[in-house]
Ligand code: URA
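Form predicted alone, single chain, as structure tokens, below.
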């Protein structure tokens, strides 16, 4: 059933987000990157925004953070091919440093401008539960600033009754000092494993 935006398919969502200029990010990105996965997935995972590789290829979670997420899902016993992955913000925000495009976090206003597109995706996929990967995703899904470190590994309930599991964004694990990576990754897998009951 189409929502207020009149979006009745992921193809329509892609076309609409490609044209979107409700915030400045879309003007500079290569393309919009919407979610991918089974149309009726029981579990949806939402990150912050596409990265450089995602912006170029047009697919979510195909860069280093996506590879880390794939590995964590496998260890958590969650079938990756049955999960719908997306982002709260549909365009890549960056700043140029020489020829490199460096990730820049979207502002609350920019994330809020994209919120209705995320809700369209949720309405199209109709997952039983959602994993919020990081603070931007958690805020977009819940409507309030979720303290991720305090709530990680916990289920929260959205206004529509869907359960949201809060954890870190996998990109945060890439910035952890090498001596702490193994433990941090194990904790991330432990968080994700709480969604295994859906399968």
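Numbering follows the first chain given and starts at 1. Here the structure is a predicted model, which means the values were calculated and not measured.
Keep in mind that the form predicted together with this ligand is not shown, yet the notes after this line are about it.
Asks: Against this ligand in the model of the complex, would residue 60 count as a contact residue? Criterion: heavy atoms within 4.5 Å.
Replies: Yes, residue 60 lies within 4.5 Å of this ligand in the model of the complex.
Asks: If we define contact as a non-hydrogen atom of the residue within 4.5 angstroms of the partner, is residue 65 a contact of this ligand in the model of the complex?
Replies: Residue 65 belongs to the contact set for this ligand.
Asks: Can you tell me whether residue 35 touches this ligand? I mean in the model of the complex, with a 4.5 angstroms heavy atom cut-off.
Replies: Heavy-atom contact with this ligand at 4.5 Å: absent for residue 35.
Asks: Okay, which stretch from 36-44, 51-59, 139-147, 157-165 lines this ligand in the model of the complex, with non-hydrogen atoms inside 4.5 Å?
Replies: Going through the listed ranges, the match is 51-59.
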